[in-house]
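Here's a solo chain for you in structure tokens, the form predicted alone.
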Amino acid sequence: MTEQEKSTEDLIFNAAREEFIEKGFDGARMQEIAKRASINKALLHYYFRTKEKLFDAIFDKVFKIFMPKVLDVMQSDAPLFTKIEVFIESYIRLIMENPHIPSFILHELNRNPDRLVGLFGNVAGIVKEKGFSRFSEAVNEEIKKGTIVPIQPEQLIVNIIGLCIFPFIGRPIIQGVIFNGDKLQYDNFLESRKKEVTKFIINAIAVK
């Protein structure tokens, strides 16, 4: 890929992210994405033939940035609580920077779950093979030491993800009702969520 092609692709990615964030997957339009990127629609279709392919490319790019940090800590000899802290911080930050992802996932779960399974396939495979197995070992080691309560590693990771992702899925209620529509308060809440979820999870599994 030439520098000019890379520059054009970056413009498209940035424009598409803005469009998805503002209008959601269903409301986003390729014509508007082209307009935001200051290119014509034909050129946009040259790079990405459909809105679905464009989102897939963004999704893949986001996780390629996110996964190395998570896998590094999951595979490391870091203490279990450190692994949990880094995972939560990275996961929440990822979605804060890409708030269109949860709505897209919910949209696809209802419309085309098989496609979503394929989209997650490579990412999930890498995590399970290179990261989650070591995380599971760390959990089981701490259980044997008596430092945490017995818990299945799969249950633990799903608990963590659920606590991280709900504030994004429930944004209309949380921002609109709890914070009376104040976006700044909601954003501050998300930022503090990193420490709150970490503290909640560790308190829940640590032997008192």
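No experiment lies behind these values; they were computed from the predicted model shown. Numbering starts at 1 and follows the sequence shown.
The same protein also exists as the form predicted in complex with the DNA; that form is not shown, yet it is the one meant from here on.
Chemist: Between V62, A28, I157, I174, only one gets a heavy atom within 4.5 angstroms of the DNA in the model of the complex; which residue is that?
Modeler: When the DNA is considered in the model of the complex, the option within 4.5 Å is A28.
Chemist: For the chain shown here without its partner, which stretch in 142-150, 44-52, 177-185, 162-170 has non-hydrogen atoms within 4.5 angstroms of the DNA in the model of the complex?
Modeler: Flagged stretch: 44-52.
Chemist: Contact with the DNA in the model of the complex for I58, defined as at least one heavy atom pair within 4.5 Å: yes or no?
Modeler: Answer no; every heavy atom of I58 is more than 4.5 Å from the DNA in the model of the complex.
Chemist: Contact with the DNA in the model of the complex for I39, defined as at least one heavy atom pair within 4.5 Å: yes or no?
Modeler: Output for I39 is yes: heavy atoms within 4.5 Å of the DNA.
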